[in-house]
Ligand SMILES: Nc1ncnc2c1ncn2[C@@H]1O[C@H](COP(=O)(O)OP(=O)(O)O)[C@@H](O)[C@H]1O
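Only one chain is shown below, in structure tokens, and it's the form predicted on its own.
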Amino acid sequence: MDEPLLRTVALEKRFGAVQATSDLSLEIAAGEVHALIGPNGAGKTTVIKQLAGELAPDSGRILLAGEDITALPASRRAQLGLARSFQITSVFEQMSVRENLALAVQAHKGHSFRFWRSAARDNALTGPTEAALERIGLEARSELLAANLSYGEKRQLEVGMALAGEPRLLLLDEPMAGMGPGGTVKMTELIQSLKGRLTMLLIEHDMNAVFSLADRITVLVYGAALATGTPDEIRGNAEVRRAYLGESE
């Protein structure tokens, strides 16, 4: 059996009396879209922060392609191919869409930030920048300041910036939060276009998007995994329906 791209082993995280992560063991296969769902306060974002290196677990291990990264800082994890988006958009609003993407490419390639003007014309940066623009569907908005984008377009841009380093694993923390129907459709299409080419861990409250995008789903309740399975298996799980979907027998 192939080694999963990401594996957690008995992760534990406590904040005072609150058990935010409880004996959590996950396996995410290469190329898979794995969704992590659960009610508010279930500990989903705490898991993402531990995977990204922003928060240290109290115990347990995190392995990326078989390598133990539990003690590595976020910057080193990014170098190993782990990228994330955030619940709140994080873009440079006074720079254009193209400049945001070029800056992200520049950061991942390790270029100096001192000479932005010349860097913007560097062929090593412009090629990947144009590819990122096409991938996220913002070519027509490339010269617009990020501040003038719609909220949904800013979310698309942020995902594009996360993709600039050509990661192996993308952590998506509520990419559709705050979007209207049109923005949700575009983001769903963007994630769908990445399926099979990129491994993704998705946290999302839009269950229509989750069940249409995910290959497998883990349901988190009080920091612990209640169930893991395909969308059909999760839909048919009576314990999940009672604990999360609010259904009764």
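Residues carry their position along the shown sequence, with the first being 1. The structure presented is a predicted model; accordingly, all values stated were derived computationally and were not measured.
Absent from the display: the form predicted together with the ligand. The rest refers to it.
Contacting member of Thr188, Thr218, Thr199, Thr46, with respect to the ligand in the model of the complex [4.5 Å, heavy atom]: Comparing distances to the ligand in the model of the complex, the residue within 4.5 Å is Thr46.
Partner-contacting position among Leu64, Ala42, Val210, Leu51 - heavy atom within 4.5 Å of the ligand in the model of the complex: Comparing distances to the ligand in the model of the complex, the residue within 4.5 Å is Ala42.
Partner contact for Leu11 in the model of the complex: the ligand, 4.5 angstroms, heavy atom: Contact check for Leu11: no, nothing within 4.5 Å of the ligand in the model of the complex.
Exercise: Ala20 in contact with the ligand in the model of the complex, heavy atom 4.5 Å: Output for Ala20 is yes: heavy atoms within 4.5 Å of the ligand.
The ligand in the model of the complex: contacting segment from 210 to 218, 34 to 42, 176 to 184, 191 to 199, heavy atom within 4.5 Å: Result for this chain: 34 to 42.
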